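Each of the two blocks below gives one form of the same protein chain as structure tokens; they are labelled structure 1 and structure 2.
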Structure 1
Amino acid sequence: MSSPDGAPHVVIRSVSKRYGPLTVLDRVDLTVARGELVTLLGPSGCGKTTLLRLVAGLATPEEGAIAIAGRDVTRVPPHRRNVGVVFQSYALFPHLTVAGNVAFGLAVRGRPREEIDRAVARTLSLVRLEHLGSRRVSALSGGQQQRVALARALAVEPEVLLFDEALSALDRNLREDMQVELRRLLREIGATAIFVTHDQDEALTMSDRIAVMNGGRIEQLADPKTLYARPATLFTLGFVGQSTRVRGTVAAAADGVVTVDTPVGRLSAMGHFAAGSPVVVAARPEHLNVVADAAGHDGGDRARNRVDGRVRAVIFQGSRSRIEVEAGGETLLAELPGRGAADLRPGDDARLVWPVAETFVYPDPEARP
């Protein structure tokens, strides 16, 4: 199985893009290694699709440079960049067969018929559609059409594959299956790929690294586990996964741990802030344990945060249950596996307990200077 070898394959350096007075991308830097799959993740309007279009050559930056395989392509037209693009709509030709669609890019490049036939056979085999070459694409399912679009992009042996929300048109179960299948295929052929999505689960499932984008900039670039476990900014925390957040003021700080006064009581978190700083304390809900008998629970462990409150809601979600606990006018979110919440009822007294080591702290973006 192929894996990223660390050699730079796509280099985006200080790229900016403006449309009139609107700055869509602001001095973005990103390097993608050969054989790596990097996902651009963010909300609508954050600049991720614009960045993909710049790599594809469908738009030109006002500032900065883009290189693919060591070649500066900043102002090279799309057809001379040797990139493959898979769009959300797939952009297939309904009047052509599956094989005709896959062959199209090679045919317009003037490749010999024998070479085209070999490439079509090879790529259809890769996406497991070799038995459907003569079928019209209009007769295919959504998942099959997605594979045809991928085969067409692969047939020209591109330096880099670009995916623009390529799985978003599929229903949930098929999309999840295709995420796993597409990742397997890209690793198998050692492809370099950049994937655009607004779906955090899709990004976590497929990526070697994820670039979380916000307001035309990259907020954080990291592997999926690091991104989820140690979000560098409050935006990343909120966009990737669920979280409990409470505002407060730093009361003390020592040895990389801050003590924060909040509406739910005094909490501790990992971080470096001066006393008096307005902050947001946060934690992932799966780290919060719910103790039904708060009065009988030992609260003497200083390595753990404790909040006493009342169960507001218990929401069953199949393999897990979501519990909302109200305390000090705030709602805190916990997540328990399986039937861990079977004995909890709305109105019950409860204590939330979670490790200080799994508690984050960030500057409060809404605090007045």
Structure 2
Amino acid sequence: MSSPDGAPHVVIRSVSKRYGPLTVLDRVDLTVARGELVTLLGPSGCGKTTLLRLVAGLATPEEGAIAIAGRDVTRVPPHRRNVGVVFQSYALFPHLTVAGNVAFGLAVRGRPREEIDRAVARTLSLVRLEHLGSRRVSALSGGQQQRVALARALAVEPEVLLFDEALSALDRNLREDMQVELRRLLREIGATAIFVTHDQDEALTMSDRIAVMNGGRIEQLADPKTLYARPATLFTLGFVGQSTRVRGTVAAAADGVVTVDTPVGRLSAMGHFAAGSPVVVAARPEHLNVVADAAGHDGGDRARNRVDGRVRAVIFQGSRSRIEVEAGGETLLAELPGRGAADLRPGDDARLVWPVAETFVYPDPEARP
């Protein structure tokens, strides 16, 4: 097992890419350490695939520079970069066998036959397909094709592995298995990898760090836990994990805590805003506790937010239940584990209680300045 050693391996500096009038990437900076697994996460059109193609050399930036392993490759064509790409639909060569696909990169490098055979055998066993070398790729299942695509990229011992939505074509169970297996494999061989995905679960499972992208920029770059616990922007909050939110106006601010007037009452959150600022207050549903008895005993606790309302719906989801609580014309979402919501019924009075420390506040993007 190896883990990132901190040495910068892929350095993307102030890179911009335009297609006609459309700016797809806007001065993006990103450094990936050797052995690190970084995910570019975002909705379609956010520029994540374009950024990956720039690193692969399949596109050239208008501005900025890209270096791989200390070498400036900004203008280097893809075939001289030594990168390994696993494409969304795998892009396996249909006219070659499994072994032929895996051997391709070494064959075009003119390596001797014995070396190629050894490398093919080694990489195929790495992805546990050693018995399928002579098969045609069209005869393989989706999961097997995915492994061949990975083996083909690994065989050339690339400086960096690039995955473009590589798991999205697999069905859910297989995808989850592959996430875990792929992460273990990449760790084992100490690979540096950049994943592109719109799947937040995949990003959280696979990555050392996640770059959340939106509109051609990186909104937040952080490790999965920080990203989830402290989303820096409303976009990140919305894209990673569930959230419940309500708009309001800052009433007072002191010591890094703002008090916000909202339709559901006065809420406190960690943040710095001037009084009068239009904001959105948000929290993760799993932090909201539902107290059936509104005449609570924690009335004076300033470290908690409280909202009194009425249960609108209880949605049983197996390992957890979602409870929709209506208050002041807004609907807040709470999530309780297991059978915690067993005695709640729609129409019941309920009090929502959650820590101020787990309450986020962001500028209201829809408010007029």
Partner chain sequence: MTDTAVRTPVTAVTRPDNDRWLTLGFAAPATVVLALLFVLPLALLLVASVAGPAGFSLAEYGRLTTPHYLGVIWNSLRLAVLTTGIAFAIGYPAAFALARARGVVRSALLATLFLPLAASVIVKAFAWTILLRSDGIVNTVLLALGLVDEPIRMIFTETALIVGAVNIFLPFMILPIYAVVAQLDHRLVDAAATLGASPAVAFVRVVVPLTLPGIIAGVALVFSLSVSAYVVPTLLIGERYPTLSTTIAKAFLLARQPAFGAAAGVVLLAITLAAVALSARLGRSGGSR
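Between two forms, the rigid core is defined as the largest C-alpha subset superposing within 1.5 Å. Predicted model only: the values in this text are computed from it and were never measured. Counting starts at 1 and follows the sequence of structure 1.
J.: Just to confirm, one of these is the form predicted together with its partner chain and one is not; which one is it?
T.: Here the form predicted together with its partner chain corresponds to structure 2.
J.: Superposing on the rigid core, is the CA of A232 displaced by 2 Å or more between the two structures?
T.: It does not reach a 2 Å shift.
J.: If you line up the core, does T97 shift 2 angstroms or more at its C-alpha between the two structures?
T.: Superposed on the core, T97 moves its C-alpha 2 Å or more between the two structures.
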